[in-house]
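Only one chain is given next, in structure tokens, and it is the form predicted on its own.
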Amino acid sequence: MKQLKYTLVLLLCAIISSCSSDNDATTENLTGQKGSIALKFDNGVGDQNFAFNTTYQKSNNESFQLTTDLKYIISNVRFKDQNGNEFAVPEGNNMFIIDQDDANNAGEIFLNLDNINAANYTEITFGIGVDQDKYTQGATGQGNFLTLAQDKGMFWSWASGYKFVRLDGIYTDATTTNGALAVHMGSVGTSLDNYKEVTLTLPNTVLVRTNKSPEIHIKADILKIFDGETSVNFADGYNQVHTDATETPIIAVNMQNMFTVHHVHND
């Protein structure tokens, strides 16, 4: 009996301690504190890990390999806290290229975001591509990112605008084997706006503090670019997607739905 009482007391203490910690995280004064967040992008294809020169199946008995390029632009990253307040990563450091060539041995690409207001964040929002406001500001709004995009082949030399995604490889369908595959979707000047935003609810609260460096693991399912909200067929011309006003918006919407938050670390 004494052992049972002792166990119950320990359990009660643990519950009280846990509740106290939660309350402290909610009520502590974070004014003026800054911290960092790491975004870990992990590209896959369906339930498989991504690798170059690997054949993946899509709908309609078509298949594809990416042989040289898997890149996309992320921008306008911002976070919403438990009270509905929003914090945007400062301008000038809020445009990124997620390039599979930059991945570590585990296939992960890290974005390290500094000077984030300390808070308890529950949502993340980011854009795919470059929004019209930044684009029309020219160098004022884009800074050194324009040069980076040009160096990485994410800016058209023959058209006006950024490539928001670049996939290069080969495809096979009922009539073609190892045909050329190139999906270079983006906006074209101000006449065709394919910029989209993604908002993801975090599976647990991200605690940004001066002494914590949380990490958000974001998975991107590349298959959904082709088999997303709309399933597209290479045989219908989606083996070459560039600036077409019908094809590119479909790819843009498909990309909106390819991201999920797998987990969060609050280290």
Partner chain sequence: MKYLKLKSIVFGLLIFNSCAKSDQFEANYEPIPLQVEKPSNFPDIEYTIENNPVTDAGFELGKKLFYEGKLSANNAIACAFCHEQAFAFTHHGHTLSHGVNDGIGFRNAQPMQNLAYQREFMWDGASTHLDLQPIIPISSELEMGETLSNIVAKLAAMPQYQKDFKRAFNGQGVTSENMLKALSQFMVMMVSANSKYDKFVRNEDNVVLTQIEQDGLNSFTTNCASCHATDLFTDQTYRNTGLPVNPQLNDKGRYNLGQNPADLYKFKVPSLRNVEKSYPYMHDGRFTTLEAVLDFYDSNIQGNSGTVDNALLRADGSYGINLTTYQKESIIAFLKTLTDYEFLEDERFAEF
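Every value quoted in this text rests on a predicted model; they were computed, and no experiment measured them. Residue numbers count along the first chain shown, from 1.
Not pictured, yet referred to below: the form predicted in complex with its partner chain.
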Does any heavy atom of Gly189 come within 4.5 Å of a heavy atom of its partner chain in the model of the complex?
yes
So, in the model of the complex, is Phe155 in contact with its partner chain at a 4.5 angstroms heavy atom limit?
yes
With heavy atoms only and a cut-off of 4.5 Å, decide whether Gly179 touches its partner chain in the model of the complex.
no
So in the model of the complex, does any heavy atom of Asn76 sit within 4.5 Å of its partner chain?
no
Of the candidate stretches 120-128, 143-151, 169-177, 76-84, the one with residues having heavy atoms within 4.5 Å of its partner chain in the model of the complex is 143-151
Is every one of Asn29, Ala88 and Glu91 within 4.5 Å of its partner chain in the model of the complex, counting heavy atoms?
no
Counting only non-hydrogen atoms and a 4.5 Å cut-off, give the residues of 232-262 close to its partner chain in the model of the complex.
Thr243, Asp244, Ala245
